[in-house]
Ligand code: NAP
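Have a look below at one chain only, the form predicted on its own, in structure tokens format.
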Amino acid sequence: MEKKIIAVVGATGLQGSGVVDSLYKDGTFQVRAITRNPEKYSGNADEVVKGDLTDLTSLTEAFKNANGVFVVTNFWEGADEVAQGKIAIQAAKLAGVNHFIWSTLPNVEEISGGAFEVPHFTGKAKVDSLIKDAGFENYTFVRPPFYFQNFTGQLRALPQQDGSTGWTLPIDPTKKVIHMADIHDLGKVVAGAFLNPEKVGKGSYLSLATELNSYNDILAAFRANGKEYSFTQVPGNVFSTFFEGAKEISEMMAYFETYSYMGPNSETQIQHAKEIATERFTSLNEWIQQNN
């Protein structure tokens, strides 16, 4: 019997590569990587195809004969996430896709009644209703967490004015409000969803969160692995002046403090993700051991 094809958008990114790896490891499906630069692709997919979220024709062609698609957009690359979401939906409909999985986040503006503005969360969330109304036989929403990988990337520990290395951020370090995981584990949730459309294919939300941590918990995890980092809390309006894009981070952390990363009443979605996943998740402690 011919394997059904799953097409993975953003296959070279952190989310997409994790999805490719989990699907490849499971072996049930034929995995098609979709990237703007197929000649540079070196991952585990069975095939690689050129496709672009800003180009309906290329994406429709890339989705051809695919039973399922996983779609993620990248706000930090300047993406208009609503526009790209619309193109992905249209391409999937034209290609006859059965199962559409969308990487989304909580609608911060809605949750906070407009008190916080976090476009890289809310922009993705605005696409959810379009997917619900698109008429796919199966559709599922996955919510990625605060990545452990942020600690080696955008939010890595930096030299501080007092000579220490650590973080200066606008968040109370005692508040357990940050839902976290190794982002590659999102692939285990997505693979589980493609394998079980009868369980999660009617609009289920699956939120990946291996742990719920405070910054003090994060410091303790690094300390347990021989890394001593400092933490300084600063007011949001001060942090917002530090660099371009800092205001968005400040608003996001204020939202975390008030509602948590995944927002109110997210426990069921978190549990659902754990149950559907193809394998267990990596803890922060394990991730630090593997990556330091």
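Counting begins at 1, following the sequence as shown. Small disclaimer: the values here were computed from a predicted structure and weren't measured.
Heads up, the form predicted together with the ligand isn't pictured, but that's what we're talking about next.
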Does any part of Ala45 reach within 4.5 Å of the ligand in the predicted complex? Heavy atoms only, please.
no
Taking the ligand as it sits in the predicted complex, is Ala33 in contact with it (heavy atom to heavy atom, 4.5 Å or less)?
no
Is it the case that Val72, even though its partner is missing from this view, gets within 4.5 Å of the ligand in the predicted complex, heavy atoms only?
yes
Proximity of Glu77 to the ligand in the predicted complex, heavy atoms at 4.5 Å:
yes
Are all three residues Gly10, Glu81 and Pro144 in contact with the ligand in the predicted complex, where contact means a non-hydrogen atom within 4.5 Å?
yes
Tell me, which of Asn150, Thr165, Asn98, Asn216 has a heavy atom within 4.5 angstroms of the ligand in the predicted complex?
Asn150
To verify the annotation, which of these, Asn237, Thr54, Asn265, Thr57, has a non-hydrogen atom within 4.5 Å of the ligand in the predicted complex?
Thr54
What stretch, of 204-212, 188-196, 119-127, 217-225, brings heavy atoms to within 4.5 Å of the ligand in the predicted complex?
119-127
What residues in 252-266 sit within 4.5 Å of the ligand in the predicted complex, counting heavy atoms only?
Tyr261
